[in-house]
Ligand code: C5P
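The data below hold one chain only, encoded as structure tokens and taken in the form predicted alone.
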Amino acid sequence: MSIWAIVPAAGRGTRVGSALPKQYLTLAGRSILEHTLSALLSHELIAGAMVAIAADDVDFPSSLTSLCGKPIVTCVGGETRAHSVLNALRASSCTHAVVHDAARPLLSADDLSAVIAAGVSSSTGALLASPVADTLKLSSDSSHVVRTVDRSSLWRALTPQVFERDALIAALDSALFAGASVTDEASAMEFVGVSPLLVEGRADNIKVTTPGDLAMAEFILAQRS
């Protein structure tokens, strides 16, 4: 068995308000992407990382070829996250893929261990997720409440998401060919009739999307250290 991290990093993330793609913004002295890769490659079961970057990316550091004694390889991403993941999977020869957002740098070692264990032991794969804690409202016109939504069975999908490589390639191919909405890897697996396992993860495994998220990530890192 060979397990590699697959990191789609071809997007720009304009909502963070920077000309620099968000994965390259500085967080506690290192880029967000370096924090992310370090969290992944420090795990004993992950053999390396395949990072999908934009064709015109001039910000990925040429010196970033390894971390924790493990290789970091790049490939050209695609027009969407799903296409980038698909390109990275095809460029890798792993048996199992641990797909993780480039801008989600606060992944804990315990959560990573749990989702890998679940993902490689189950034919359905697995993803980290967090139960929805907020009260949810359904609106008809974005300004008036229709009703309160039952949240008892609702989860926020996080990453990593762990699947057998060939199965995920087939699912992504099928979903993209059909024009289905593929917002994460689990949604592609769901499209072909697979029900991945939910593994409860820490709610502070946040994705940096806005300036407020970056400040929150700085705070969480400071508290951990």
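These numbers come from a predicted model, not from an experiment. Numbering starts at 1 and follows the sequence shown.
The protein also exists as the form predicted in complex with the ligand; that form is not presented, and the subsequent description refers to it.
In the model of the complex, the ligand lies farther than 4.5 Å from every heavy atom of residue 74. When contacts are judged by a 4.5 Å heavy atom cut-off, residue 81 counts as touching the ligand in the model of the complex. Proximity of residue 97 to the ligand in the model of the complex falls outside the 4.5 Å heavy atom cutoff. Using a 4.5 Å cutoff between non-hydrogen atoms, residue 202 does not count as a contact of the ligand in the model of the complex. Segments offered: 101-109, 115-123, 148-156, 133-141. Contacting the ligand in the model of the complex at heavy atom distances within 4.5 Å is 101-109.
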